[in-house]
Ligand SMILES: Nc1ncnc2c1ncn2[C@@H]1O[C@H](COP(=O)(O)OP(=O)(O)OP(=O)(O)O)[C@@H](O)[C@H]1O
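Only one chain is given next, in structure tokens, and it is the form predicted alone.
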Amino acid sequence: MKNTPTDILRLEGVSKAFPLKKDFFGRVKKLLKAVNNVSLSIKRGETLGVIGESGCGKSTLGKIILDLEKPDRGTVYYKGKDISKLKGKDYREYRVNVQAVFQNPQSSLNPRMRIWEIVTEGLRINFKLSKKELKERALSLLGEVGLPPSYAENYPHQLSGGQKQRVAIARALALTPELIVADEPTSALDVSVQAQIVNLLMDIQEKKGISYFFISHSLPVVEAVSDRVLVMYKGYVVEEGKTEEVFKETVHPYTELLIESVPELFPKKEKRPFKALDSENGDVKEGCPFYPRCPKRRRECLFYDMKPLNLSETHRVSCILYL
């Protein structure tokens, strides 16, 4: 099932901006461009990793995929169908088959609901099942994520952070989705627990063929779990490719600095400072947004339209150096 050519989800030219400043009459004076002309595809049984600094647009992109945010421009396709035009049964199918695991399980679990109720909430809403059937399904799901049946009657505050995230994963699995948007699923957990959750997600993928849109600040985690990787900077996808291409055959200067910023126990060479190269504040009105921080910048970078360039069938970069 892994690596089949079928696209579960596809984005074409998706952009999203948020108002930062309004005048006295409520007219927008300044916009934050969170996502800029992003196109991507997610295949069946594949993990697409997304990396970049805070504020680069990773989570906004995840919310657009979940239809929690509407794009200003562009289209999201689910199995070839424009989700903005889905209605009734077709839209319910989309919402059932695309689920989420969020960053902080403490805030995503209802503190007044028992664990079995949380896990089966989606089933209760979408299917006519008895309380007995829901409880039986909850016990089965808890077993799949490595939690004992006795936890079913507990409340979230009685569980550790790692256990809560397992509950969140069980809830996402309840509707047997085809795609899970995992938004920083390990960042709120201890390092030892992070590895357990990542291994759990990979085991589930191997058994069920689920696809992941995996958002993370942790480059080692993304490298370990992903089939392909997107690198985002200020709303743009600056590099995209197979995991080994992005991490071992890196081409974009931002990706290079991002990878070099990962701490090493015994570094082989001194790392370059990851900051602006001069007094510029990091904002450009046109051209490459990475220009103020780029160690390889040229004057013509200020006129580059950020159009992706194909280095191979799988490796793309948005950088004028490769024109």
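On a predicted model such as this, the values are computed, not experimentally measured, just so you know. Residue positions are given as counts along the sequence shown, with the first one as 1.
Below, we turn to the form predicted in complex with the named molecule, even though it does not appear here.
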Worksheet item: Since the chain is shown here on its own, which stretch among 293-301, 54-62, 41-49, 251-259 would lie within 4.5 Å of the named molecule in the predicted bound form, judged by heavy atoms?
Response: 54-62
Fill in: 4.5 Å heavy atom contact with the named molecule in the predicted bound form for all of F18, L32 and H217
yes
Discussion item. Does any part of E69 reach within 4.5 Å of the named molecule in the predicted bound form? Heavy atoms only, please.
Written reply: yes
Worksheet item: If you check in the predicted bound form, is E184 within 4.5 Å of the named molecule, heavy atoms only?
Response: yes
